[in-house]
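Shown below, as structure tokens, is a lone chain in the form predicted alone; questions about how it binds or moves come after it.
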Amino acid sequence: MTGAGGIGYALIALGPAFSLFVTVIASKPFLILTVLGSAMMWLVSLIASGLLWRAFLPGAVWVFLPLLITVVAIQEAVRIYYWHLYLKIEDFLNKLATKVSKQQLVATDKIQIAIASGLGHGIAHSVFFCLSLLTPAFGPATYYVDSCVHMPLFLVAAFTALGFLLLHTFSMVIAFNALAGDKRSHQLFVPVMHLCAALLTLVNLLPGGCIAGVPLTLMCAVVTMAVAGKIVWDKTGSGSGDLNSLHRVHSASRL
């Protein structure tokens, strides 16, 4: 493997995040701060999970099942806490907009904040679980594990990171909409899909399991994107909402 291969793995894992950041986030300082804050919240949830399971690792393979369930539960609890924190920030931004005689946050602004929040979670996941593994990928060879002789470990990590990047990003859109509208089905959809994707990574531990485990994880991401896409269409398809109102609030307030 060469440097081109290592860069390719990194682009698989983080290419969509870079595209979203450039097209949606980069021009709005508040959204950049939202990405950073969300990534920090995800890291806090990971540290909490690590402290909880530190005494049990490394251990038998069966330990991974309760570990993943615990990690998902903690991250979903952090998501709900993050939502309540967002409500306070939204109230502040609306008051600020009123004070400077600008339009309050509209549906499109809220969707962008949700995307930025989910993107922070997704980037943190990809950096921690994929980019941290890629240093050897820039060398002259590649690496396989006994349970997956058909795909390099780096490629498995890159595609899995891509799946969770998309899952985290668009799950936040679904969660924000569900919590705002008290939609029970979508409130359950987010943690259930997150848990399914996490448990499907265990398939990679079976002989040849990565051939099925990686596509199934990506399928969870595709389903999540489809649900989030429908929500965005329902909220903005009629043409209501101003794409630039969040930017105007910040420009006027000099934040």
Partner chain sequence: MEKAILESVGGEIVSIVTPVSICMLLVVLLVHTLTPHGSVVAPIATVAMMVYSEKPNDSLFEKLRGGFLNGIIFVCIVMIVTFVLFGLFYFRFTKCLRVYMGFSAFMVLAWMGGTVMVELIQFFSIPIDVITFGICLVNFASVGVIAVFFCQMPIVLTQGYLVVIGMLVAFWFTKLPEWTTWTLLISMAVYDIMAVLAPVGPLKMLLELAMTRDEEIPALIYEARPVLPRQMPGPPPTSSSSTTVQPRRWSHLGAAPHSLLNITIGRGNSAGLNVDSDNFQTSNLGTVGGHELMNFVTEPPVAPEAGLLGSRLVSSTEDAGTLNSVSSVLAGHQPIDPNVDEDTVPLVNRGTRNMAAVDRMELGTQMQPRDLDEDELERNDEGFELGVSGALKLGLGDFVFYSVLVGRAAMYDLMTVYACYLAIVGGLGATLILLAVWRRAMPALPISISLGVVFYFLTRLIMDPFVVDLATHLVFF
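Because the structure is predicted, anything quoted here is derived from the model rather than measured. Positions refer to the first chain, counted from 1.
There is another form of this protein, the form predicted together with its partner chain, and it is not shown here; the text below is about that form.
> Sort through 226, 40, 219, 212 and report the residue having a heavy atom within 4.5 Å of its partner chain in the predicted bound form.
Only one option qualifies, and that one is 40.
> In the predicted bound form, does residue 29 have a heavy atom within 4.5 Å of its partner chain?
The answer is yes: residue 29 has a heavy atom within 4.5 Å of its partner chain.
> Is residue 180 a contact residue for its partner chain in the predicted bound form, using a 4.5 Å heavy atom cut-off?
No - in the predicted bound form, heavy atoms of residue 180 and its partner chain never come within 4.5 Å of each other.
> Counting only non-hydrogen atoms and a 4.5 angstroms cut-off, does residue 49 reach its partner chain in the predicted bound form?
Yes, residue 49 is a contact residue.
> Is the gap between residue 189 and its partner chain in the predicted bound form 4.5 Å or less for some heavy atom pair?
Residue 189 lies outside the contact set for its partner chain.
> Does anything in 177 to 208 come within 4.5 Å of its partner chain in the predicted bound form by heavy atoms, and if so which residues, in order?
Contacting residues: 194, 198, 201, 202, 204, 205.
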